[in-house]
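A single chain, nothing else alongside it, follows as C-alpha cells in the form predicted alone.
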C-alpha cells in the first residue's frame, strides 16, 4: 500500500471517529431537549418546587445555581489568575515548583464527591458555615481552582517570548509587560478555561450535596438584605441547586410528575450552559479586541 492510500485511509478513519463523536453528542443533547422543552414554561422557570403534588417549578433552584456560580467564580478566578501568572512568569524552575505543579495535576483529577466530603468536614463542620451557599462555593473553588490555574498558566506560556522581550525593550516593567502585553494575547485561552470551569460549577451535584445541602427554603425576593435568612442573597442559607434537584426528585420519587420536572430541569440546565458559553465567548472576543486594539 502506497503512502497516498495510507493517507486517505487514515483521513477517512479520523473523519469517521469525529462523525461518531458528533452524532453521540448531538443525540444526547437532542434526547434531553426533545424530552424537556415541552415542559418548560414561565411558570416552570419561576414557580417554587412542590414535594407531594404536581405542578411545581424550579425557580428557587435555578436562582441558587446562578448565585452559587457567580459566588464561586468570584472566589476562584482571581486566585487562579494570580497563581497562573506566578507559575508562568515568576516562579523559578526547581523542585518546589515541580511539587506545586504535580499537586495541581492531582487536585484537578479528584472526584467531585471527594471534594464534597472535604468541604463537609472543613467548611460545614470545622469552620461552622453549615449547609450553605458559602460552603458550596468554597468547595467548588477547591474543585475548580486547579483546572483554572493550569489553564491560565498554559495560556500565558503559549504567548511568544518575543512579545515579552518587545515589552521590556519599550521600557515596560515585568509586571506592566504581563498586564499590557501577555494577558491580552492570552485572553482567548483564559476565557475558554473560565467557560469550561463555569460549566463544571453550574452542572455540579455531588460536591454540593455535602456542602450546600438538599433543601430550598422559601425565599422572599423582595428582601435583598444579605443578613436575613429569607433573603435570596444570604450566603449562609442552605441552597438546593438545579443539578441537585434533578438528582433528588429522581432518587426520592415523591413527586407525581417527577419525570416531567426532571426532563424540564435537565433541558434548562443544558440550555443555561450553552447560553452562558455563547455569552462568555462574545464578551471574551470584545474584551480581547478592546485590549489588543484589533
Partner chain sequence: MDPIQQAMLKKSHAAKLERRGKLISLFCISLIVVVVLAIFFFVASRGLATFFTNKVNLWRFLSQTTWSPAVKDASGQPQVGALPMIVGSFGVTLLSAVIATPFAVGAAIFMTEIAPNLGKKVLQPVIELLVGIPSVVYGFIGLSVVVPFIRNIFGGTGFGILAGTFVLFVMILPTVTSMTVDALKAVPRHYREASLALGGTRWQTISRVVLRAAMPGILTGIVFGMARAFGEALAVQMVIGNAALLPTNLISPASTLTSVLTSGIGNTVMGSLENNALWSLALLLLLMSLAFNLLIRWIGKKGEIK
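Residue numbers count along the first chain shown, from 1. Owing to the predicted nature of the structure, the values given are computational and were not obtained by experimental measurement. If you superpose the two forms and keep the largest set of C-alpha atoms that fall within 1.5 Å, you have the rigid core.
What comes next is about the form predicted together with its partner chain, which is not displayed.
- Among 190, 209, 124, 134, the residue placing a heavy atom within 4.5 Å of its partner chain in the model of the complex is 209.
- Contact with its partner chain in the model of the complex, judged by any heavy atom within 4.5 Å, is made by just one of 109, 158, 223, 215: 109.
- At least one heavy atom of residue 149 is located within 4.5 Å of its partner chain in the model of the complex.
- In the model of the complex, no heavy atom of residue 67 sits within 4.5 Å of its partner chain.
- Residue contact with its partner chain in the model of the complex: residue 262 places a heavy atom within 4.5 Å of it.
- When contacts are judged by a 4.5 Å heavy atom cut-off, residue 42 does not count as touching its partner chain in the model of the complex.
- You can rule out all but one of 45-53, 58-66, 227-235, 254-262: in the model of the complex, only 254-262 has residues with a heavy atom within 4.5 Å of its partner chain.
- If you check its partner chain in the model of the complex, you find a heavy atom from every one of 14, 82 and 205 within 4.5 Å.
- Residues of 90-113 lying near its partner chain in the model of the complex, listed in sequence order, are 90, 100, 102, 103, 104, 105, 106, 107, 109, 110, 111, 113, the criterion being any heavy atom within 4.5 Å.
- Here residue 27 counts as shifted, since its C-alpha moves by at least 2 Å between the shown form and the other one after the core is aligned.
- Once the cores line up, the CA of residue 203 ends up less than 2 angstroms apart between the shown form and the other one.
- When the rigid core is held fixed, the Cα atom of residue 164 travels 2 angstroms or more between the shown form and the other one.
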